[in-house]
Structure formats: structure tokens, C-alpha cells
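Take a look at this single chain in C-alpha cells; it is the form predicted on its own.
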């Protein structure tokens, strides 16, 4: 199946922003319109789990502990769509001095990963089942993030599902507001055209530099995701992209 994208006309770009402000495309719907979204589920209480709209839930200490960590001077890395959590948990183990936040919309996967991080005793990792387009906006301060990892995002092949694709002009604006100067975005995909779409959006934004393969050194050693491992085992190509945020913008 071909991955369909094209350079945006002004009208198409305006449509992206209109859909964004209307909350369209969010996985699971817009939580800001969901009843009881300000309350954490019982299974999440007093664990390393957050939802942006429930940071002030008075029954638990999750939000208070999360905000204290975010307010610290520890470098912060984000993974969006962590799946099984292999990359994220390995990285938080390798670099204990850093703070990590992982977003994954599949609550079942989040609960499994939460159990694994507790078994490993990881104290520098927080998980959320927020759509990152909401979680980043509401829970992460401006220019706080050192690195964002997006590994094998869902292509959403069908035309009617394009609105669900993570990367769009307003999402790149969001990244620009949250990534600190000198920080970077790390993308991996097995859909070359998706990578080219992201490159088009990032390199065309005033605060991001074009793809620079040398930034791979900043990621360093890592444990491949389940998807990357499958691709390597089956001889399928993987494309990697790295975009730094300009210091002066």
C-alpha cells in the first residue's frame, strides 16, 4: 500500500490547524470532552503513571511527584508511542541521571510496561496513556525537553485516517515549543515516505534544522523496539532521521 502525502497548499495547512483546534484525530477521542477525565483509575493510584488532565487529582500523589520531577534540573527525554516499552525502559536504565516520560495510547500496553518498570525499580521513568498531542501540551513546560523519540509511528494508510497521523504542521509547532534549543527529534520508520513527510515538515519549520545523521551519536547504544527487531530479522529496511532545534530561535 502506498503512503500518500503531498506538499500542503495554504488551504490544506489551514485545515490541519482547524482539525487540531477541534480535537480531531486524537486517538480515543478528545479527553477534554470525556467524563471523569480529571480522575485517575484505581489501578494507577500512587504509581509512576500520569494523565495530563488528572495531575490535580486530590486522591493521589502522582501529579505532585510528577511535577516535582519535571521541575528538577534533570535532562528530560520523551518517547511517543512506546509500545512494549523496550527502548524506553532500556534507555532509562542506561542513563539513570535523566528523566523519561513515555506516551502510549494503548492502556493495556501501558499497564504491562508499568509493571515491568516497577519490577526493575526504575525511579526516573513516568508513563501515560494520553495521546501525546494532549499530554505534551498540558503536562510538559515550554522548552523543557532534551530529546523526543518517535519510533515506528502508525502510518494510518487510509485517506479517511490521515487526520490521525501524528506528524502535522501543528504537531511540529508543539514540538518546537517543548524541545529546548539544542535538543533534537529522533524518528525511525519502516515507511520511507512517512520519513520524507516528517523531513518535509521539520526542515520547513523555522526552528528545526534539516536531518543530520551525525546526531545518531547523541542517542548512542539502545535496545531496538520490537518492530525494529522484526525488520532487521526479516531484511526489511529501516529509515532513521534526526532533527535538532536551532539554538538561536
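Positions refer to the first chain, counted from 1. Just so it is clear, the model here is predicted, and its values are computed rather than measured.
One more form of this protein should be noted, the form predicted together with a small molecule, which is absent from this view; the next part is about it.
Using a 4.5 Å cutoff between non-hydrogen atoms, residue 83 counts as a contact of the small molecule in the predicted bound form.
When the small molecule is considered in the predicted bound form, residue 16 lies well away from it, no heavy atom lying within 4.5 Å. Within this chain, residue 152 lines the site of the small molecule in the predicted bound form, having a heavy atom no more than 4.5 Å away. Not displayed here, the small molecule is kept clear of residue 136 by more than 4.5 Å at the level of heavy atoms in the predicted bound form.
With the small molecule left out of view, the stretch that reaches within 4.5 Å of it through heavy atoms in the predicted bound form is, among 101 to 109, 68 to 76, 119 to 127, 138 to 146, 101 to 109.
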